[in-house]
Every structure is written in C-alpha cells, then in structure tokens.
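A single chain comes next, written as structure tokens; it is the form predicted on its own.
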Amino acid sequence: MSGVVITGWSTVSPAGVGRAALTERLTADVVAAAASTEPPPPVDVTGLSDEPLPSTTGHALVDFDVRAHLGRKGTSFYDRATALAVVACGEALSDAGVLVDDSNRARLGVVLGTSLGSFRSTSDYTRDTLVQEKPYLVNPVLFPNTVMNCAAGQAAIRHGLRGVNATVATGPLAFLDALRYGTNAITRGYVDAMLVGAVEEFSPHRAWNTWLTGRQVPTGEAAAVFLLTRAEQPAWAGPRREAEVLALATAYGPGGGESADRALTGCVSRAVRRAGVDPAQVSHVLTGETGVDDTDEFAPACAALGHTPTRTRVGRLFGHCDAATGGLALATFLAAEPVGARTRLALLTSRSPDGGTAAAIIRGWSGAGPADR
C-alpha cells in the first residue's frame, strides 16, 4: 500500500466549477439513466472559437470565465488549459482546507497530466511565426503558453507553491501516471503534500483530432485536481481523509490489440496484489470507454478480477477528454454521497492506442460512483 490519502479535490468540467457542480451533474445523470441509455447531450460550442469546427456541439464549459474566479491581475495571457488548471488547483486547496503560507509552501508541490499542453497555443504560436510580417512579429508574452508545463508552473506561481513541480505528458495515461508521480514524491519525502491532476482544454485542434480519429463521442474538456498527502498527514494538509491510493501499476502491450489486453490484465493483477485486497471486494471499475459496446478496458479488468463489478464509462459522461479522463474517473467515484461507515474499492483503468496501459486501486470512504450508463 502507498500510505497516501486524498484530503480534498475539485474539478472544472462541463458540469461546472467545483465538486458540488459535478455531484449535482452526476445525480441528475443517475436519474436520467433510469429512463434512457443515452449519455448527457453535448452543448453548442461555436462561441468558443472563430475557426471552423467539425461539429457545432461538444462537452465544454462554455460560460467559463477565469477572471470571475481569479480576477484580472495575472490572468490576461492565460490560455484555456492554464485557466482551467489554475482554478481547479485553487478549488482543490480550498476544498481540503489548506492555507498556503511560508510554513508549508516549500513542502507542497503540483504535478499535472496532459497530452501535449495547450494544442491551440502551440499551434497558433507556430503559425504566427510563418504568417506575421517580418521580422516575424509574434507576441513573446504568449510563448510560455506553448510549453507543456505552463499550466503546472502557473498554478504554482498563482498559489505560492514551491515544492516539486512537474508535468506528465502521456495522453490517456497521464492522470494515472501523474498520480504515481505524486505518490512517489510524497512517500520518498520530497514533499509532504501534492496537488495531483490533469487538464485538457476544448479547442478546434482537439475537436478535429477527435473527429479525424473516428471517436464515438464529441470532444470534452476538464481539469481535475486532488490534494494528496501522507496517511500520517501534517495538520495543515487537511482535516479529513476522503480516499486512499492503495496501488498503481503500468505496462505496455506492443501494437495494441490482444497484446495490450494482456498488459492491462497484468496491470490490474499487480495493482490488486500490491494493494493487498481481495479482488472480489473491488465493487466499481471506472474506464475511459465511450461506446455502448466498447469493452477494451472493462473486459481485461474483469478477467483479472474474476468477476464483473459495476462499471462507469467516464467518456460517455464527459466526452473525449484525453488526459483528464482519469481525473474525472476518480472524481466521479468520490462524488457520491457517503454511505454510513462503509468503504468501497474502485479500480481505475486507462489505455492508449499505442499499447500503454495503467491501473489504480482506490479505497473510498465517501460512497461510490454511479452505475454504468
């Protein structure tokens, strides 16, 4: 077991800003699922871009305004991914009841998962170097947005964090990889607590990528961030424990297909063994699957567990969110109302097209996620 617990969390997602908005959205979806197997409808996203989109709808928070949450100062040049991440980090600190000051800022870090940072910022800045008048009048203030660690760096600056600062760019696996990174940083004593999360923004670039690769759901966006600390946490790291990260495992199945199936089955088996739990006690599996008949993650997971737990397809709830999908999965599991003193075990899985796989076992003390939809 890792000995690392979660003391607070928050999301910025199509449901809104904060854990309350996500909980309300999931509660409404549970009610709707009783009458329909269709996922929540996407919204009109044409107002988010002046550029052509493959579809007029998507899963985005169209009315998000970073200034409403952080003010004007220091936010003028945030790109959308950075804005989502910085707000989510602040909300997670607030939810955990953490006050950052000189007594703890050096022991509090942040790690965020992503696919490649802000696809839009990188692409637009590169285009400007080609189309602007000589001597290539690009705006140098926008350059920091083109690097993948922009969101994590800005989150640390905004919230005064001086501990470990990192970005993990592994696409669909990024959140679980960031969770492993943050857990290692804590258990090895580099920090006492970490903000761990992942972020993806809605942009024409991601929308076209989703459409061109034949994904079954519209593009989504989200930032999900969790405050992790040691089980014997310092008093400043939060008064409550919401969940415990029991184990994580990763593997690679070259070429995908059956090779990746075996890799994911092995991942789940190792995670269960490291967690020291009975696989029959794993009651929920949360996957990034989207289609009704998609079992690329669920089938290998069930093979390893030896039974068929309740499943939640996170992609069907929030759209194709790439790196942020894993974070939304954990938030979905934790968002349910407490069920007495009962504990629940959840399995989170991720899988990338190139054969990468990852799995995590989480013990939650706040109920469990909604049933499959």
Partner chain sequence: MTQTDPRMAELREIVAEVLELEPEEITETGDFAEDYEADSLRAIEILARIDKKFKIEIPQSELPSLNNLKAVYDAVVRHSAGQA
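Source: prediction; values computed, not measured. Residue numbers count along the first chain shown, from 1.
The form predicted together with the partner chain is left out here; the points below concern that form.
Though the partner is left out of this view, residue 276 does not reach within 4.5 Å of the partner chain in the model of the complex, counting heavy atoms only.
Although the partner is absent here, residue 269 lies well away from the partner chain in the model of the complex, with no heavy atom inside 4.5 Å.
Contact between residue 141 and the partner chain in the model of the complex is found at the 4.5 Å heavy atom cutoff. Contact check for residue 295: no non-hydrogen atom falls within 4.5 Å of the partner chain in the model of the complex. Contact with the partner chain in the model of the complex, judged as any non-hydrogen atom within 4.5 angstroms, is confined among 237-245, 295-303, 75-83, 217-225 to 75-83. A single residue from the set 280, 231, 137, 99 has any heavy atom within 4.5 angstroms of the partner chain in the model of the complex; that residue is 137. Interface residues of 109-132, taken as those with a heavy atom within 4.5 Å of the partner chain in the model of the complex (partner not displayed), are limited to 132.
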